[in-house]
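Encoded as structure tokens, the following chain is the form predicted alone, with no partner shown.
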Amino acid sequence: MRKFIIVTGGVLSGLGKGVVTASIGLLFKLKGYRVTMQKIDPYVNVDAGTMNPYEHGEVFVTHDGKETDLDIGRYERFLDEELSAENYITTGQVYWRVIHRERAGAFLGKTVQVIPHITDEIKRLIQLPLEKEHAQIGVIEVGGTVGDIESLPFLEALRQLKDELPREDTFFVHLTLLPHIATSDEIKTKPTQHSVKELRAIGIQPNAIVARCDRPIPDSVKRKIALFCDVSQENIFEDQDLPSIYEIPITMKAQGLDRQIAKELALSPRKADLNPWEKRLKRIQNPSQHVLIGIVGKYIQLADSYISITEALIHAGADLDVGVKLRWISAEQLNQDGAEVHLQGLDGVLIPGGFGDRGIEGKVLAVNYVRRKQLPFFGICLGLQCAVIEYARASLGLAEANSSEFNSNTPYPVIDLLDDQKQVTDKGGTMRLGAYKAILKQETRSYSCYRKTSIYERHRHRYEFNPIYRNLFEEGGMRIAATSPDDRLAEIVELVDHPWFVGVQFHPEFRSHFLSPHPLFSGFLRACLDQKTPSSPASC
């Protein structure tokens, strides 16, 4: 059995297709089906790796090292599963593959065209995850909006796939906007009508419409949408603005979206048990206590730049029955104003990953503050590197210590380029990417969180802790808590005489899921709680 549920969007971007798609995938997984998910991004980039976070939000990394759109992370967090490179398609990937085949003579002299060669490759890539993962249902999100010129080959390929498969093997969900006009107090359906008209002109009739709105949709509006869009009224669903994205699967199930999809895909009736999900959600909605965490970064103007980190904190908080409040702090502004102005009153500080020298000195100042004030600290990727730079300068007497990324002439390059990166010139897909094994030392704070000596974590960086300074740091009080299996690379650093000071070279946020939070984020929040009650020990 192979069924396809395709989610498209119209009117404008940012309506929440990724959350609706992830919710559908979760509901069918909970029904007992083997589900895989896929994101189609129509931009010409081969992957998301070279894109600025302000352009497209966070770059998510799969376990096999694919740099993807942030929605792949959303799918993993909802499904509580790992996805792979095959679960992500871009226009650049498709054309790259077809052009390479053309250069190799695979088309036997034929003229290579969008139809059938590009669309055939798209169909092959769409079906690949189901074959590889032996999945029964593939849930596919088409990025962008209907009418975008770059989406046309993908929608044409999906139209062909629909016609090639039996009628009950495909189901199209179309997400649109239902704006409310305050002056006339009316919900307007015309944008939805035009969006569906665009989709039908391509040859795709949606089976269901999910309408994003800021209020309940009256039956009269649903009847109008059903009439003008040729969709059964029982297949019109509302997607109201909600405080948490983790409420969406519950609201979709309550309205019967999964039931209607299953019915039209000729699937046997099954129930989706959302009880564990609902219990976890209640802790988000009504936590017994709160902590205030400061995130010191350079991309704070766009929260999606750090979406996996904010979600990982939510996951850990829900597990511990703790509400996590965030204070977003510009590293550049902190450098101008001083750490005391921005960090006072916090229960903990997190410094996330990033690239480039902008804001670095502000992050180093933040590390200095939390180290002196004994405030719980969690440094991720670049956050670890800033912690190493600060400790070298303030505690080891290396006043001009720096990363060679920020100052190629530093006399003390405590952070330096990986040896295998020194000859690399291409930017895309050339960093240390994906899951790597690390060995934890017992009697470290990190080990007390993981409770095992061998871990696999995902990386995305070019620079590392310089091993020639390792003995100096360990003698000075910063221990290497985890290393690569050959003991060459430092994966985790900790301060011995600090309540909770942990820096990791990898990205633990990529492996945090709603129902299974990452142990380091849980450990960090526990330490932040201990900060509020100093008499209790900081532990995991």
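None of these values were measured; they are calculated from a predicted model. One rule holds for the numbers: they count along the sequence shown, beginning at 1.
Keep in mind that the form predicted in complex with a small molecule is missing from the display, and what follows is about it.
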| query | Any of the heavy atoms of Thr192 lying within 4.5 Å of the small molecule in the predicted bound form? | reply | no
| query | Is Arg259 one of the residues lying within 4.5 Å of the small molecule in the predicted bound form, judged by heavy atom distances? | reply | no
| message | Whether Thr176 contacts the small molecule in the predicted bound form should be assessed with a 4.5 Å heavy atom distance threshold; does it? | response | no
| Does Gly317 reach the small molecule in the predicted bound form if we count a contact as any heavy atom within 4.5 Å? | no
| Ok, Ile137, Met252, Val367, Leu382: which has a heavy atom sitting within 4.5 Å of the small molecule in the predicted bound form? | Leu382
| query | Which of these residues, Gly348, Pro206, Gly353, Gly362, gets a heavy atom within 4.5 Å of the small molecule in the predicted bound form? | reply | Gly353
| For the chain shown here without its partner, which stretch in 194 to 202, 207 to 215, 444 to 452, 461 to 469 has non-hydrogen atoms within 4.5 angstroms of the small molecule in the predicted bound form? | 461 to 469
